[in-house]
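Consider the single chain below, provided in C-alpha cells and representing the form predicted alone.
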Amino acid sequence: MKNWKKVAAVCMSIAVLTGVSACSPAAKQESDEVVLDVWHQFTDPESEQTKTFLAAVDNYESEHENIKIELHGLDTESYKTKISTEFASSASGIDVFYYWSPGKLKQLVNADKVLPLNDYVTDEVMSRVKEGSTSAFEFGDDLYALPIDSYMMCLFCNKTLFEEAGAEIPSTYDELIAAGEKLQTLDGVTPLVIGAKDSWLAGALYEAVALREVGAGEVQAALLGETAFTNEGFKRAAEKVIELNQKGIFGKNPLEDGEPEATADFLNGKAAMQLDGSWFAGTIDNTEESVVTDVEVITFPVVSEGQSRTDYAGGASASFFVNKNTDTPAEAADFAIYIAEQMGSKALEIGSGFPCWNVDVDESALSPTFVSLYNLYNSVETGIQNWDGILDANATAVHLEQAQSLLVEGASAESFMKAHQEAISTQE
C-alpha cells in the first residue's frame, strides 16, 4: 500500500473541503495567522478557470480564519520562466505553486525542491479521486500532488462542411487524406487548420501522428529516456506530417497563423477541422458570432492497424505543488489538496476539461460540443501528454522547432529524427 494511504485516523476524520485538517498546526490557534504565498498562471479575468480559482481561494480563506492567501499570478510563459528562476535557488517566496507533470516536475523532484504529500493525503481524500489519475504526480513511492482535470487533444469537425463536400468524418489516415482532398474543393475552406505558428500546436500535430504510429507506452518511455528514440514509427510519423502538408491538407502556409487565427477560421466556417485541446469545445459553443452549429469531435485518425484506438493525446498534467522549503508544510499541503479538488470538481461545468474527481455529471447541462467530447473521453483509456510537458527545456525547444520544420518546403524526416535523438539522449 502506498505510504500516503497510511495516515492516522484522526487526520481522516475531518474532510479537507470543510475545514483545517485536525493534524494541521493551523488548527491550534486562530490568532496565529499563517500567510501562504501561492503562485499561479490564472490571470485572465474573463476565463472561467480564473473565476473558479479565485472563488475557491476566497472560500478557503473564509473557512480558515487564521490563513491568508497571497496570490502571485503571471501569464503562462512569464510564469514558467519565473518558477524556473526561483527554484534555481530556495524559492523562499513560494509556498504553493501551479506546475506541470511529469516531465517538468521531475526536474524539481530530482533537485529535492518539492514536498511529497504522502503524510497529508488521507484515504478519505483518495476515495474522491478517480482511480488511475494520479500517475503523472507519482515518483517512486511518493505522491506530489492530486490531479485537477484531464484534457484531450482532438480534431473538431464541422459536419456541415463535410456534408457540403461529400466527405466522411475520417477514422483512418487514408480517410483523412480522402476527406481533405474533397474539402479542398470548397471555395475558401482549409481542410484542417493547425495554428502552427504557435509551436506547441505544430508539436501537437506531430505528436498525434506519432501516437498512432508508436503507441502511448513506447512514446512515454522514449521521452523519459527509458528507451532510445529509434522506433521507426517516429520517423514514419514525420513523413506523414510532411505528406499531409504537401497535399495541402493544412492550407497554403500552416506556419502563417497561430491558434487565434485558426480558431477564427473554424468559427467563421473557413476551416472544416481544427486540432486543439478539449477546452476548445467551450469556445465553439459559447462564441455568439460563430457560424458553426454541428460539430463532431474525434481523436486523430489511426494510421496503422497495429495501434490501439483507445490511446489518446492528453491526460492529467497540472496541479498545485508545495515547495519543500516552505515554513508551513501542513497548511500549504492542505491548501494544495483543497484547490485541486475545487477546480477539478468544476471542470465539466466550466468546460475546462474532464474532472479527475468523482462527481455526478448531468449531461443535459453540458454544451452540445462538450457532450460529443465527453462521450469521446469515455471511450479512451491511455493518455500521453503533450511532449513539452514531459521533455526538459532544451529537448522541448528542439522538438517544437523540429515539428515546425516538417511544415516547410524541403522538410526532412531524417533531420527531424537526428535532432530528437541528440536532444532526448542528453536530457538532464
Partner chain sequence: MKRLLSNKLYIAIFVAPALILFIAMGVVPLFITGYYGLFDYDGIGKKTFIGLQNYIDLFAADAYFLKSILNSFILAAGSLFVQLPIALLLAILLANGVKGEGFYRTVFFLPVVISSMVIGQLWCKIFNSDGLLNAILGFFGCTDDIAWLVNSKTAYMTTVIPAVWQSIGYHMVILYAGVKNISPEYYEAAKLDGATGFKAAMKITIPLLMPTIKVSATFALVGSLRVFDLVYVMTGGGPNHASEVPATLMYDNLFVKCRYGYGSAQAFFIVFECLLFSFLLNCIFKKSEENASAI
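Residue numbers count along the first chain shown, from 1. Everything quoted here is computed from the prediction, not taken from an experiment. Here the rigid core means the biggest group of C-alpha atoms that line up within 1.5 Å when the two forms are laid on top of each other.
We do not show the form predicted in complex with the partner chain, though everything after this point is about it.
Every member of the trio Glu401, Ser405 and Val408 reaches the partner chain in the predicted complex with some non-hydrogen atom inside 4.5 Å.
For the residues Ala208, Leu255, Leu155, Val295, the 4.5 Å heavy atom test against the partner chain in the predicted complex is passed only by Leu255. Exactly one listed residue, out of Ala330, Ala216, Leu108, Leu348, brings a non-hydrogen atom to within 4.5 Å of the partner chain in the predicted complex: Leu108.
Here the chain stands by itself, but in the predicted complex one stretch of 115-123, 177-185, 309-317, 84-92, 84-92, has heavy atoms within 4.5 Å of the partner chain.
Contact check for Asn394: a non-hydrogen atom falls within 4.5 Å of the partner chain in the predicted complex.
Thr190 shows a C-alpha shift of 2 Å or greater between the shown form and the other one [criterion: core-superposed Cα displacement of 2 Å].
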